[in-house]
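Read the single chain below, which is given as structure tokens and is the form predicted alone.
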Amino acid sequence: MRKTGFLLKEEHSGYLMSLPYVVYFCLFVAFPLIFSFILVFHRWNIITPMEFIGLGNFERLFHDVQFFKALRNTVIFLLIHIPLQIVVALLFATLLSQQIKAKGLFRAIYFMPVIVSGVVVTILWMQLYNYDAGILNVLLSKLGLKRVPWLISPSWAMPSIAIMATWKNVGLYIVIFLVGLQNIPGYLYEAAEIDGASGLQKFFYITLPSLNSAMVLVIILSTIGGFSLFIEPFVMTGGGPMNSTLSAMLYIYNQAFYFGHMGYAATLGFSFAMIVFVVIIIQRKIVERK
């Protein structure tokens, strides 16, 4: 009886210890998801009562040219950001895996932008990209080159944001690649050297194949982060010029909090989440197969 009572007491204490997380999950995960799903079938602007419209929000979505333009802008960002992210991260990870002085210091420096506030980084890069007084254009002028309209040209704005986002996040992916490089057995490189393999051959036939799992993780995280593009265009350009940097997340935010179309914003959010999910599944299968 004493043993049974002790076990029951332990079980109750376990429930009590998990209670804070259960409350957090119900309030901040389950309830918002359920409420958002209900909003999908309603028209609501926060002020007036909800109006049930069935599939009206989905019908609006299929005819919303602006949303598909925002989705296209997001894809353009991903096509620039992900390859650039992988190349830069893998390059620095390879360099940092070598026997160099102050290796720990360099690793900390490269990772530092990851922990800095996104708003702070965005404001910093706005100063760098400034057309008249930005450091980049000042240097170009001193070299006798034309100033670049980094954030005021539709053709330059999204690539400029992609470069800034790469600088902000690359430290995380350097760490991931470093872990993968450290797990590659040294005898593979020794055997390759005995066979007369060059540095490039060792990289393409040993390093890259051995980094397959790390590569999959980097691509998936970069894709999720890229689809979540919001702070950069919100602060730097507001979605301009000419909606060239209007991301899908920024468009959803505008619909919800600028225009007050809560039901339609919820529909956009669920649809966008499904698109991201499908893209990641396809990516993972392609990369793992290769």
Partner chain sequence: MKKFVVYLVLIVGGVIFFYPFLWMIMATFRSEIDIGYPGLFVKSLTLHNYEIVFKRIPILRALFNSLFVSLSVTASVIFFGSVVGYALSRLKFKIKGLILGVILFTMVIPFQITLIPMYILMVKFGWVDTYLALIVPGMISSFGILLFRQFFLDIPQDLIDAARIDGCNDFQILFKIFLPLSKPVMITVGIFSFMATWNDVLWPMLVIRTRELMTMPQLVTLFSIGGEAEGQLGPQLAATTLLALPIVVAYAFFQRYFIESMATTGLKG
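Residue numbers count along the first chain shown, from 1. Computed from a prediction, not measured in an experiment: that's the story for all the values here. Here, rigid core means the biggest group of C-alpha atoms that superpose within 1.5 Å across both forms.
One more form of this protein, predicted together with its partner chain, exists but is not displayed; see below.
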>> I need the one stretch from 153-161, 137-145, 185-193, 75-83 whose residues put non-hydrogen atoms within 4.5 angstroms of its partner chain in the predicted bound form.
In response: 137-145
> Looking at 90, 170, 211, 71, which is the one with a non-hydrogen atom within 4.5 Å of its partner chain in the predicted bound form?
Replying inline: 170
> Which of 175, 197, 216, 206 has a heavy atom within 4.5 Å of its partner chain in the predicted bound form?
Replying inline: 175
>> Is its partner chain in the predicted bound form close enough to 201, 258 and 282 that every residue in that trio has a heavy atom within 4.5 angstroms of it?
In response: no
> Does at least one non-hydrogen atom of residue 32 fall within 4.5 angstroms of its partner chain in the predicted bound form?
Replying inline: yes
>> Would you classify residue 111 as touching its partner chain in the predicted bound form, given a 4.5 Å non-hydrogen atom cut-off?
In response: yes
> At the 4.5 Å heavy atom threshold, is residue 106 in contact with its partner chain in the predicted bound form?
Replying inline: yes
>> So, residue 181 and its partner chain: in the predicted bound form, are they within 4.5 Å at any heavy atom pair?
In response: no
> Along 21-41, which positions have a non-hydrogen atom within 4.5 Å of its partner chain in the predicted bound form?
Replying inline: 21, 22, 24, 25, 27, 28, 29, 31, 32, 33, 35, 36, 39
>> With both forms fitted on the core, check whether the Cα of residue 26 differs by 2 Å or more between this form and the one not shown.
In response: yes
